[in-house]
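One chain comes next, on its own, written out as structure tokens in the form predicted on its own.
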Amino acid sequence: MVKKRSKHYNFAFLDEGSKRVIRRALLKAVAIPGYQVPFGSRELPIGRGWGTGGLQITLSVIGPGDVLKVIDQGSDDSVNALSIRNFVTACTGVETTTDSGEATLIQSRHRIPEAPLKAGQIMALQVPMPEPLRLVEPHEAVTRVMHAEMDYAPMWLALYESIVRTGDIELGADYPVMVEDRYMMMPSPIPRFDNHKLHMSPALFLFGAGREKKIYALPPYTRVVSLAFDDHPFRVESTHGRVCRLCGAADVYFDEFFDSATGGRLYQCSDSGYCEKRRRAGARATEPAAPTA
């Protein structure tokens, strides 16, 4: 879908000088995978903490020929996704899509699409907290030194203590990773189910934290490994026995619903565009999946 660009906006809203400054920060971030690059976060007509970092990246790299997809927690139709999509199209007029395979630029809050990304695609992720060491160290000056010295022992200790207390690492999202065996990185609050999609991906990942004024990146085919111990390997959320009630998909990340009629649970693809595409292709579930207890 293509919309006419409003004449009241500069193309992509930001002034050209601001876009150049952000693009320079992006170039440095791409050159040093996983390194957090400070940048002058600009004012936008949405509140900080609601996606300004990812939106500034999108507005700085988007061009008239791009095809845009915006998702929030996997959904193309949430308030956040619709608001950002409408804003970007109002000031660019670019074509939009719900199919991740058709998009050249994908802006996301907390999910990576189920369909594998392709070379030439750009994934811009909104990030509320870019510093992985904030869990163990509150001071910014100290975390900078820790990154410079690769002093990640406090984080490893925190993960070990979680295993001792609960038997597992209690991080369902924002699970830290090591990038090219050099920088510890926060992958934005994607579920750990999505972490493997970062490793050796042919797409370019750009991460923006507007409130924290940080940008970092994963260029294509970058080695990304989730933190784990030899005797306690990294594990993702189990989807065993679960299927989407709409399209019958399995082995995807699900939204979970409570069925008041039966007291059980129903599951649906978190990635609404992926689910919609499967249904259009005729991959409907033959009957609604039975609720599980």
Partner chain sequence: MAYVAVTGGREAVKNAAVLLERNRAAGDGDVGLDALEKRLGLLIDRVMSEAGLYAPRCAALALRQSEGSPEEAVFLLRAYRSTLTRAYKSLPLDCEDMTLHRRISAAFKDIPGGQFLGATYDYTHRLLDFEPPEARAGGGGGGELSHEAPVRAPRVTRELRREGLIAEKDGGGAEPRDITMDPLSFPAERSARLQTLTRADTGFLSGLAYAGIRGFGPSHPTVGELRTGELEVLLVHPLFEGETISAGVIVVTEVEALFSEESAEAKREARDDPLLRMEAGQGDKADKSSAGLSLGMGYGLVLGRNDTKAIAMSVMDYFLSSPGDGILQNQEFVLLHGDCLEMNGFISHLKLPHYVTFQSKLDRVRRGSPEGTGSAGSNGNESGSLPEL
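Numbering follows the first chain given and starts at 1. Predicted model, so just to flag it, every value in this text is computed and none were measured.
Omitted from view is the form predicted in complex with the partner chain, to which the following refers.
Colleague: Is there any non-hydrogen atom of A141 lying within 4.5 Å of the partner chain in the predicted complex?
Modeller: Because a heavy atom of A141 falls inside 4.5 Å of the partner chain in the predicted complex, the answer is yes.
Colleague: Applying a 4.5 Å heavy atom distance criterion, does Q268 contact the partner chain in the predicted complex?
Modeller: Looking in the predicted complex, residue contacts with the partner chain include Q268, since a heavy atom lies within 4.5 Å.
Colleague: When the contact criterion is heavy atoms within 4.5 Å, does M186 count as touching the partner chain in the predicted complex?
Modeller: Judged by the heavy-atom cut-off of 4.5 Å, M186 is in contact with the partner chain in the predicted complex.
Colleague: Is it the case that N80, even though its partner is missing from this view, gets within 4.5 Å of the partner chain in the predicted complex, heavy atoms only?
Modeller: Result yes; N80 sits at the interface with the partner chain in the predicted complex.
Colleague: Could you tell me which stretch in 218-226, 115-123, 205-213, 100-108 has residues with non-hydrogen atoms within 4.5 Å of the partner chain in the predicted complex?
Modeller: Among the candidates, contact is made by 205-213.
Colleague: Listed by sequence position, which residues of 127-155 have a non-hydrogen atom within 4.5 angstroms of the partner chain in the predicted complex?
Modeller: Read in sequence order, the residues that approach the partner chain (within 4.5 Å, in the predicted complex) are P128, M129, L135, V136, P138, H139, E140, A141, P154, M155.
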